[in-house]
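A single chain comes next, written as structure tokens; it is the form predicted alone.
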Amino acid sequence: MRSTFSKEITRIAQANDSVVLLTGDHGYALFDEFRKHCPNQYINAGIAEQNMIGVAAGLAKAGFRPFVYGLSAFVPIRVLEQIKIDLAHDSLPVVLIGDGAGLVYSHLGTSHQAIEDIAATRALANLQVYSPADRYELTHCLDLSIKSQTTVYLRFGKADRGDVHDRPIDAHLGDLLKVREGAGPLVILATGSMTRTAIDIADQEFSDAEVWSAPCIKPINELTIIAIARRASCIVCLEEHSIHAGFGSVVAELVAQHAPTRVLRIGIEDRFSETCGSYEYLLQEHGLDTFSIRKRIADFVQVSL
């Protein structure tokens, strides 16, 4: 997905010379093509992320379209106050790119693992939150972001989990995308890296399950979620993020208002990683591996039907 981001941000900048890419001394080879084709639209702001947000705010007020790139642990987490006051308060059209969302920087420990970025950003007014699942959704989200009239946070994981779609996406802002047909009582809603996992689990274990992807978390098509909740017997939400105030919470809040449907939120529980290791190892530690998720869904379905 990172290579797609590199290609697409270069395409966007070549088509629009008001686009400026800022990075906090991250990216390196990722932006070789961008610097080659758009050298005057690239700023390495150094390891000074808070200042970088202020620079982006100034550029936006001067008529530019800044894209601010960093690791999710730093953009948005380290600079949340600056995002709130400098950008979102005035609805400035700045796109914040959080790479490495979730657990993908597993070997670098808690300081580099962004498991609370959705929770932190969805609470800010005038801020949209995108969470693409594959390269097609990433392109879709980038195209939405350049059209947005307010601040955008776009998160994606470093580790590619495989494509969810087989063609470019034509959808509106906030739409959920059905990625697997199903006629059973179970519906799985997923976002980001967990979408591919949701499809695989449904294929292996829950053949009648319907699976949807949510590339946009805020705004989100509430009517689609409400309609799903009113016809499904149980809903499972999957995300590589804390279960508190993340995507599952978005769904649970809507379902609580509009439908008496049971919702299981599967994500990272209320704790930090206890060990370091590979990405797959950390997924297993937090119960986000295929085996653990499959068991939790099976137990949930059993008591819900």
Partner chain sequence: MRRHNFRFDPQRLRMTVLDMAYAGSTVHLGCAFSIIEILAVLYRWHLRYPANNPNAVDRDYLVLSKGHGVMAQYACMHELGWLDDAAIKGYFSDGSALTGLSDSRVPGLEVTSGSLGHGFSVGVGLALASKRYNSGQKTYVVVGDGEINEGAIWEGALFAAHNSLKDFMVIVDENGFQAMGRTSDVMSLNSISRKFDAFGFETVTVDGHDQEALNQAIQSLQSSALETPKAVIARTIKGKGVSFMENDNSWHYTRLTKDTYRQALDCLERKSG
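Numbering follows the first chain given and starts at 1. Remember, predicted model here, so these are calculated numbers, not experimental data.
As for the form predicted in complex with its partner chain, it is not shown, yet the points below apply to it.
Visitor: Of 241-249, 255-263, 37-45, 269-277, which is the one stretch near its partner chain in the predicted complex, taking non-hydrogen atoms within 4.5 angstroms as near?
Guide: Of the options given, it is 37-45.
Visitor: Just one of L223, A171, I85, A123 has a heavy atom within 4.5 angstroms of its partner chain in the predicted complex, so which one?
Guide: Of the candidates L223, A171, I85, A123, I85 is the one lying within 4.5 Å of its partner chain in the predicted complex.
Visitor: Which pick from I9, L282, I297, V20 sits with a heavy atom within 4.5 Å of its partner chain in the predicted complex?
Guide: Answer to the contact question: V20.
Visitor: Within a 4.5 Å heavy atom cut-off, is H89 in contact with its partner chain in the predicted complex?
Guide: So H89 counts as contacting its partner chain.
Visitor: Within 4.5 Å, heavy atoms only: does F64 come near its partner chain in the predicted complex?
Guide: Within the cut-off, so yes.
Visitor: Would you check, heavy atoms only and a 4.5 Å threshold, whether L30 touches its partner chain in the predicted complex?
Guide: Close contact is absent here: in the predicted complex, L30 is far from its partner chain, nothing within 4.5 Å, heavy atoms only.
Visitor: When the contact criterion is heavy atoms within 4.5 Å, does E81 count as touching its partner chain in the predicted complex?
Guide: Yes, E81 is a contact residue.
Visitor: Suppose contact means a heavy atom within 4.5 Å; in the predicted complex, does that hold for all of E49, G54 and A57 with its partner chain?
Guide: All three within 4.5 Å in the predicted complex.
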